[in-house]
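Here you get one chain, nothing else, as structure tokens; it is the form predicted on its own.
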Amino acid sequence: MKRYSQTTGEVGESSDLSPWKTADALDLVYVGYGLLIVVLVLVSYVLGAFTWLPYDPEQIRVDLLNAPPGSAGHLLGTDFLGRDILSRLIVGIQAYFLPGLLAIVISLLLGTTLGALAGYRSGEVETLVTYFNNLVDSFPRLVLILLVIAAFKPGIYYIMVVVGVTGVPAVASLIAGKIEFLAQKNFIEAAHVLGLPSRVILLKHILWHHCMPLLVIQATIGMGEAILIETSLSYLGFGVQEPTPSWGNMVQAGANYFFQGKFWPSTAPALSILFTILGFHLLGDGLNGILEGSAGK
């Protein structure tokens, strides 16, 4: 059921139905799969943080070197040192989870602040924000990260700070465009006429009510990017180092035995990377389809 409302000469259309009830089935599948991945990541992180694991992830078993899945109770087998792969996969989530959240917080906070300044305050402020975004965008992200690693040899958290800063321009551009679009709407003009403070209009009526879904979508995509960057750096030897498990260094270590027919030490973490990143991206894609579809109805 739809209802039509007219406000100050502008006809608006809204629906009494929840956007989830009118959503496309494929978008619901995307969101469902993405939420499943999020739950698995959170549960696995808690299990790893409290060491509720099937085996000690650093326990070496000489008698079980590269044991196939199911051997001696090891569900996914063991690696080249006889360490349980499943336990190391669970602990490996710690390599990207908190650092990835740090990168997301930095990109969302700075991006939202700069986007709000550029979209709500025109003139010199918008010009400065645009220059900053262009400056950051002019450096390829991976090249910039490698330069920082070569110059300072930082830990993973410092690397994720760089990842967060390089994600600011994308968030700032989206927020600025959304604010410029909303600033032309009648409800914003009415809020100004009623004498509401600018900070209330910006923070509550624009950012909270209209930009929050956009930020949630950017957060899901940002986590997928953080996982990809962390695992890529660990694979190349610039990120988390052995014996601390990371999905990236697990793929790198297992790749040496792949052509010997022992594919599970590298395949298990590689599939974990694939399905996890896919889950976060599909979650963002599904949310975008549902929210944009409901906004257009």
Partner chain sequence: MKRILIVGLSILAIVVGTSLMSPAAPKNDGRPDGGTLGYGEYGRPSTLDPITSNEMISLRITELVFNGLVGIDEKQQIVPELAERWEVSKDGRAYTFFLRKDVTWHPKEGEDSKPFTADDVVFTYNIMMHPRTITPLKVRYEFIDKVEKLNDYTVQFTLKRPILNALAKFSFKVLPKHGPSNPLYLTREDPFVQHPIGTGPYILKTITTDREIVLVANENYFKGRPHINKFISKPFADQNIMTQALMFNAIDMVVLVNPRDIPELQGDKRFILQPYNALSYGFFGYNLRNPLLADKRVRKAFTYAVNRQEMLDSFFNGQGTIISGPFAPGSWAYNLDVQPLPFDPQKAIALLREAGFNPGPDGVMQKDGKKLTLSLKVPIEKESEAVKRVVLAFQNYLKNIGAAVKVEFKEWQAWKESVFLEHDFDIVFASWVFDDSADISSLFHSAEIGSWKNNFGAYSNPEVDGLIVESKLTLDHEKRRTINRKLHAILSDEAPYTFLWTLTNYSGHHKKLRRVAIHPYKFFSFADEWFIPVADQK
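Positions refer to the first chain, counted from 1. Between two forms, the rigid core is the largest collection of C-alphas that superpose within 1.5 Å. Just so it is clear, the model here is predicted, and its values are computed rather than measured.
Quick note: we don't show the form predicted together with the partner chain, though the next part is all about it.
Residue-level contacts in the model of the complex: of 81, 98, 86, 219, one residue has a heavy atom within 4.5 Å of the partner chain, and it is 81. Taking the partner from elsewhere, residue 49 is found to have every heavy atom lying beyond 4.5 Å of the partner chain in the model of the complex. A residue is said to contact a partner when one of its heavy atoms sits within 4.5 Å of a partner heavy atom; residue 44 fails this definition for the partner chain in the model of the complex, lying far away. At a distance threshold of 4.5 angstroms between non-hydrogen atoms, residue 39 is out of contact with the partner chain in the model of the complex. Remark: residue 53 does not count among the residues lining the partner chain in the model of the complex, judged by a heavy atom distance of 4.5 Å or less. In the model of the complex, the residues of 58 to 97 lying within 4.5 Å of the partner chain by at least one heavy atom are, in order, 58, 59, 60, 62, 65, 66, 80, 81, 83. After superposition on the rigid core, the Cα of residue 258 moves by 2 Å or more between this form and the one not shown.
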